[in-house]
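One chain comes next, on its own, written out as structure tokens in the form predicted on its own.
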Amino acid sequence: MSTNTNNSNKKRNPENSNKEILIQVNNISKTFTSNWGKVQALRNLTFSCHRGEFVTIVGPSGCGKTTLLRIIAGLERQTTGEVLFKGSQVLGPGHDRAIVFQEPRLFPWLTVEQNIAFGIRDSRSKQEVESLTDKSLALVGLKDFRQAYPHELSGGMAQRVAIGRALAFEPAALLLDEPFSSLDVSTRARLQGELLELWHKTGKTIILVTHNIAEALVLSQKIIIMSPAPGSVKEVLAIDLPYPREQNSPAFQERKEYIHKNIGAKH
């Protein structure tokens, strides 16, 4: 994940040469039941993601963005509707859908290398684990820090370890739940560029949840705008701006203002 993305990303949106729909969300709703009653978090959501597509989900706080991502990951079950992955129903977690959370959630007693290998060490041969770990370390730019421990890393580096751990599974889809929200502005911008470079290199389907409208516009081909709770799909907005995206350009600012008005979010 080199920080120099200007040369590698001077292109228009990569065409989805394979138009296969990888993820299909069909009319899902989610209601949580507690001692004080029922709360509907999601209502009748329908959308799809193609293989190799970069999709971002935005919406006001409390609209169910994280719940939606957890349902796609198989960590939560919808109340009604269905989620299909490669045409099959999602009934639980799977290595084909790796999720990265807001906090890195690293094991403090394990090195960077050991954290990345942790999820695959019991299901792969020793040679495969070493190969996949080396590949992930290279993709996230941490080969020189493989023996470091989490307390020796910056916040940005720790999140790169979390992404590397997800990549070690060789997932078809990478699900990101506000992975940069706790980072400072400069680190966040750098990791955005590194994530774009990673996407171009691997061709993986990426679904990102973020509150940051500019971040969504910098990164994604398609933005799903959600309504206030109970969350539903308000609009699916295609973003056809060339990479790298110029945030001060009139086209970028026009789209930013449009999304801002549609979700009532802060700039």
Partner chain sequence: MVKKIDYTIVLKGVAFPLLLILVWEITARLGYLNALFLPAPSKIGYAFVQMVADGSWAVNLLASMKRLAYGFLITVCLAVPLGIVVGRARSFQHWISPTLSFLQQIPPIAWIPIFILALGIYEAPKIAVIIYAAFFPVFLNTVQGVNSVDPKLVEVGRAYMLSSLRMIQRVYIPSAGMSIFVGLRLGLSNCWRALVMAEMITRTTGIGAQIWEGRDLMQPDRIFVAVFTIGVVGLIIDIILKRMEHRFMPWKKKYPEDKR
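All of these numbers come straight from a predicted model, not from anything done at the bench. Positions refer to the first chain, counted from 1.
One more form of this protein exists, namely the form predicted together with its partner chain; it is left out here, but the text below deals with it.
This chain is drawn without its partner chain; in the model of the complex, the residue among Val90, Leu137, Leu195, Ala166 with a heavy atom within 4.5 Å of it is Ala166.
In terms of contact with its partner chain in the model of the complex, the residue from Leu191, Val83, Leu142, Ile99 that brings a heavy atom within 4.5 Å is Ile99. At a distance threshold of 4.5 angstroms between non-hydrogen atoms, Lys126 is out of contact with its partner chain in the model of the complex.
At a distance threshold of 4.5 angstroms between non-hydrogen atoms, Glu178 is out of contact with its partner chain in the model of the complex. In the model of the complex, Leu106 approaches its partner chain with a heavy atom inside 4.5 Å. At a distance threshold of 4.5 angstroms between non-hydrogen atoms, Gly94 is in contact with its partner chain in the model of the complex.
If you take 110 to 130 and check each residue for a heavy atom within 4.5 Å of its partner chain in the model of the complex, you get Phe118, Gly119, Arg121, Asp122, in sequence order.
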